[in-house]
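Before any questions on binding or motion, here is one chain by itself as structure tokens, the form predicted alone.
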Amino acid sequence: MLRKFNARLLQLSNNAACTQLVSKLPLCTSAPIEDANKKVVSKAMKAYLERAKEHDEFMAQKNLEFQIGKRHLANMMGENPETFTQEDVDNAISYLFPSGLFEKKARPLMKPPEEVFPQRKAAEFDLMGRPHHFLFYTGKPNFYKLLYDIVERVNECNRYEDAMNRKSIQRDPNLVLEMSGYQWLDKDALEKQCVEGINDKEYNNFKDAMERLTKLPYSYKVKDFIMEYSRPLMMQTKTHDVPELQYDKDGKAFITTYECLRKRARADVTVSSPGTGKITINGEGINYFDDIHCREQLLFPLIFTNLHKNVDVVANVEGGGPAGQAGAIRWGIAWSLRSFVDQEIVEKMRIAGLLTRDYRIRERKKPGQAGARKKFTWKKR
């Protein structure tokens, strides 16, 4: 019936007398006509926009509170609020609120909201709810997109190498990507960059893929991409100059390191070369330590630098126990060996932790407790 009625109206419209009347009557339809240009926003996008709006309002409020608190803190310290930096804030907090808590996370702090609250991921789908790329369904699209980009760079370098081989063009030996002074982003930094949680296995896959990329002959073609996920090492030798070798009357080179600390132990260590690997501790040999673990601590820096048969070690140590004395001598040996090796070995020693002094001490007893962590026995009655 609806079709017949519309057809009858069209027939009447041919009549000149009814043209004006029919033009004012709309055709009957079973549903309202929708605008074709109107875009329908998906429920997922609506929910994301609401959450993003709430998050932005929350961060704006926290930023305002942080700025007010920083201004009050600057006035308390008698400083100019306009030039009060984050370092000044940390110093003021430690001065006004001294804390004896051993755990640093439990101490009072005042940081910008961007460093305290986790960053939110941007929308990964359009207004219709369609994902921007297929990796959306992996659960960790940003991380797997990174692995995908690494593979693309590997293929790009391989294609370029094949093209050079077809043209019989030799690779320029001067154009080599040098990564000895860099290291990959650590797991926490990579998680912040991807805004996703990454487990140890996935992080190892990331490092393996980047190592494979850097070992390619033409990896320097994608240097910008590689440097984006690496950071330079803090050179220990920039802040601590390597001492020059000294020579005795027989022409034997030696280096003496004083104030070797570990717990309550204090030692001074002398390393001389050439030698036969002889180790003397307080006039005794390596058997000065009964524990095999302490002996391994002494030998580790010598074996690491492959000088265990080329130098002699003389150490004087006092105070502390066997573990503390072994740690003090080990640090003195490693610190002295810097003068006998090249810069690359020194950097590897620093990465291995041989040049880092261990400042750990005994944790103090807490009031109301039997010890640093031990508690008194609690009885209900």
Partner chain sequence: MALVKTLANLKSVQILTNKLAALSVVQQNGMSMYPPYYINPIFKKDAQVELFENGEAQKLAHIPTKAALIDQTCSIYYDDDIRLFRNYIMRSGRKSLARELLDKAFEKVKRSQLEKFHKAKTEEDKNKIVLDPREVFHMAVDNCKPVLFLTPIKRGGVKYQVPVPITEKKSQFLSMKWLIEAATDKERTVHFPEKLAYELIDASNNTGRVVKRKQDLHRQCEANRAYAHYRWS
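Computed from a predicted model, the values in this text were never measured in an experiment. Positions refer to the first chain, counted from 1.
There is also a form predicted in complex with the partner chain; it is not shown, and the following applies to it.
- Message: Just to confirm, with a 4.5 Å cut-off on non-hydrogen atoms, which of E82, D224, E259, E211 contacts the partner chain in the model of the complex?
- Response: By the 4.5 Å heavy-atom cutoff, the listed residue in contact is E211.
- Query: Which residue, Q67, N316, S42, T356, has a heavy atom that falls within 4.5 Å of the partner chain in the model of the complex?
  - Reply: Of the candidates Q67, N316, S42, T356, T356 is the one lying within 4.5 Å of the partner chain in the model of the complex.
- With the partner chain left out here, work out from 246 to 254, 88 to 96, 165 to 173, 303 to 311 which stretch has heavy atoms within 4.5 Å of it in the model of the complex. This holds for exactly one stretch, 303 to 311.
- All three of D200, Q297 and R350 touching the partner chain in the model of the complex at 4.5 Å, heavy atom to heavy atom? Judged in the model of the complex, D200, Q297 and R350 all sit within 4.5 Å of the partner chain.
- Classify A323 as contacting or not contacting the partner chain in the model of the complex by the rule of any non-hydrogen atom within 4.5 angstroms, answering yes or no. Answer yes; at least one heavy atom of A323 falls within 4.5 Å of the partner chain in the model of the complex.
- Contact flag, G181 vs the partner chain in the model of the complex, heavy atom cut 4.5 Å: Yes, contact at 4.5 Å.
- Message: Whether I361 contacts the partner chain in the model of the complex should be assessed with a 4.5 Å heavy atom distance threshold; does it?
- Response: I361: contacts the partner chain in the model of the complex.
- Spell out, yes or no, whether the shortest heavy atom distance between E115 and the partner chain in the model of the complex is within 4.5 Å. Heavy-atom contact with the partner chain at 4.5 Å: absent for E115.
- Who in 364 to 381 is close to the partner chain in the model of the complex, meaning a heavy atom within 4.5 Å? Residue within 4.5 Å: R373, and no other.
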